[in-house]
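First comes one chain, alone, set out as structure tokens in the form predicted on its own.
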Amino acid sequence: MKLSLGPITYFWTKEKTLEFYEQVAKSPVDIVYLGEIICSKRAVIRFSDWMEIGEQLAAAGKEVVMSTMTLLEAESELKMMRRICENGRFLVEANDIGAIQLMKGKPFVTGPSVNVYNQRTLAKLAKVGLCRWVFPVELSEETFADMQEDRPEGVESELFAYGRLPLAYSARCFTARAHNLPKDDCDYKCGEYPDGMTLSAQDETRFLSLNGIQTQSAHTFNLLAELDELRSLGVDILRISPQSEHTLEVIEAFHNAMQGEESPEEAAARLNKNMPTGPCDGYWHGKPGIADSVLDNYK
């Protein structure tokens, strides 16, 4: 079983991003996904910069994957998607069906935003080049087990195992809206929230986080305690989604548990203490997503 680091979903400064990947290069993570997948206005790091970061990570022994945007709305974004798909150096994570069409006949990965909900879809994508798929975060362990039984030969299964869950995408920028700003003149307000803007319901329950056009869970999904079960299900790769703090600690905790240097339960409990809101794993267990199997927490 390998460990991957998903693309940064938040708007960080170029300096913070470059420093982050310098640290990642020294970490025990095996696979690193790179690129802007949320909003093209955040392009403080250009395509050439991402390629350079990729070369540095590859030199450090990491497998590098270039990720495409999830929701495209402009011709400039289509051009960037084509450029990523034609990069000729690194594997591509297709995060929408348009990128899959461009990658047809070449190896590619599907991200968690691509709705691969059954074996027929998995088999059809495998015929056009799919070499790895990331299981959609809203589906259950039972569904994953069923799909694993008929997984096409040569296709790896990757599981989103840690991070705020990507729930939805919209043409509207909710972070700008929260500040009474239009999307086209947003003043880059999402940069003020390096882990997203947490929302509370009228009863003060914190249940969502706004990240530009993306809606995330307020709670942090954590499947580390399920490590033994994940192995038995044949998961090839566990994905960690970057956060502004403690990501290297998260990588280390997963690595140590995977190497048998620490029990998964103890490592998971330690990570839960550094979450912005708290843990959840409900979707995996067929429950409401906000639920936590250990704490039985429905806050």
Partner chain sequence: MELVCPAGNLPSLKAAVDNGADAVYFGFRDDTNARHFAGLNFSPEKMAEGVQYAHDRGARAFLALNTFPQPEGWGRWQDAVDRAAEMGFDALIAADIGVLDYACNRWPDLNLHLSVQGSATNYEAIRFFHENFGITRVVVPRVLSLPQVKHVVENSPVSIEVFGFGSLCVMVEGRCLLSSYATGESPNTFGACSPASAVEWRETDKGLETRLGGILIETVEKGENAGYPTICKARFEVGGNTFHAIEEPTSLNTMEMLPELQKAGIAAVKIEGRQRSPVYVKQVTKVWRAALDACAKDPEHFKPKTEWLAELAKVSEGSQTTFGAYHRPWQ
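Predicted, not measured: the structure shown is a model, and the values here were computed from it. Numbering follows the first chain given and starts at 1.
This protein has a second form, the form predicted together with the partner chain, left out of what is shown; the following refers to that one.
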With heavy atoms only and a cut-off of 4.5 Å, decide whether residue 138 touches the partner chain in the predicted complex.
yes
Is residue 289 part of the interface with the partner chain in the predicted complex - any heavy atom within 4.5 Å?
yes
Is there any non-hydrogen atom of residue 183 lying within 4.5 Å of the partner chain in the predicted complex?
yes
Proximity of residue 169 to the partner chain in the predicted complex, heavy atoms at 4.5 Å
yes
Heavy atoms within 4.5 Å of the partner chain in the predicted complex: which stretch in 28-36, 228-236, 65-73, 266-274 meets that?
65-73
Has each of 9, 17 and 57 got a heavy atom lying within 4.5 angstroms of the partner chain in the predicted complex?
no
The one option of 89, 83, 120, 106 with any heavy atom within 4.5 Å of the partner chain in the predicted complex is 120
Contacting member of 134, 161, 165, 190, with respect to the partner chain in the predicted complex [4.5 Å, heavy atom]
165
Across 194-221, which residues bring a heavy atom to within 4.5 Å of the partner chain in the predicted complex?
197, 198, 199, 200, 201, 202, 203, 205, 207, 208, 210, 215, 217, 218, 219
